[in-house]
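In the form predicted on its own, a lone chain appears below as structure tokens.
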Amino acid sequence: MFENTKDTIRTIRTAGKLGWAMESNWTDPFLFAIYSVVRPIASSLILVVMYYVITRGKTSLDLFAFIYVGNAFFMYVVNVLFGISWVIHDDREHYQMIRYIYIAPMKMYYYLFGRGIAKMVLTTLAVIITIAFGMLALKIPINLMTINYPLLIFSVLVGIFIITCLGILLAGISMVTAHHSYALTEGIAGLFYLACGAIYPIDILPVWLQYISKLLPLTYWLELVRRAILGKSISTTLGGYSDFQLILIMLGTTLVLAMFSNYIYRSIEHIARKHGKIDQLTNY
């Protein structure tokens, strides 16, 4: 058992180094650093401009802070989800190395975990930059001295695990789909953006969609992150839950998701191996 644990850690560490090399080797370090700073700010400003136009600059409302923080942390969903699920296409279609990865003495499941590390690191940097820009330039009422850091760190770690499980699930689906499966990832991310309260409280959703939202662990993750940073909630639906209750619900739904992700991935991987689709090129 100890040897299996060592192998798993070694696989994740090695895959993480590979992922980082592939993410950052397209330019020199200085330009990459500029890109890492400008990109998250530019993407956030799109939403900020839309909010300014609709509300005529009413940034003092609690809703603005709610939207800004939710949008900042939702970058984890977009970047990590896409980064992990795209590994299959990248290694199979672009580099055509997936067959060698499969015959290596490691498990593909943990390799995917490791490949997502670079995206997690870059996204964490992007979130920090976005929140700092919001505090300094947009005057979002965030007090660094009152942030609940234990709750924030715990929530972010669980959230990354949730998104990683979703990414591995989609990576499994990518094994038996063509190269345009990236559209599936974007569609799933869009669904979460709508249903999990990324930029507005889930109270305004139709009743049937609120039920779906309450089944998704990302809903509780975003609520906990906002409470940790802003110290309050503006959602009447989730506001009745204590932090501890939200944590329990998030952990429970995360456990179900992790088991479901593992089952789906292994089932599809078995089908792909059986029908010779592991290294089957689908570009045209």
Partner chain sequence: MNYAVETFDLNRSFKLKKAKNKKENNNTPGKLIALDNASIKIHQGELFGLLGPNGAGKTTLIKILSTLLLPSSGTALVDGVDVVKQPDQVRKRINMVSGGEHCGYGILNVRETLWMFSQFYGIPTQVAQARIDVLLKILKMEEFAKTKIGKLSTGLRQKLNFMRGFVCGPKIMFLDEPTLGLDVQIARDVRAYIRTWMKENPERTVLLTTHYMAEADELCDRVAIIDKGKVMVCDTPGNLKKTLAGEAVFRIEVPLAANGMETFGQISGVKQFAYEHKSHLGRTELKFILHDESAISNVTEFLSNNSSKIVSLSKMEPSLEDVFVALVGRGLKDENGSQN
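Positions refer to the first chain, counted from 1. Just so it is clear, the structure is predicted and the values come from calculations on it, not from any experiment.
Unshown form predicted in complex with the partner chain; subsequent notes refer to it.
Of the candidate stretches 100-108, 152-160, 123-131, 136-144, only 100-108 contains residues with a heavy atom within 4.5 Å of the partner chain in the predicted bound form. Using a 4.5 Å cutoff between non-hydrogen atoms, I264 does not count as a contact of the partner chain in the predicted bound form. The shortest heavy atom separation between Y211 and the partner chain in the predicted bound form exceeds 4.5 Å.
Contact annotation for M22: at least one heavy atom lies within 4.5 Å of the partner chain in the predicted bound form.
The closest non-hydrogen atom of L18 lies within 4.5 Å of the partner chain in the predicted bound form.
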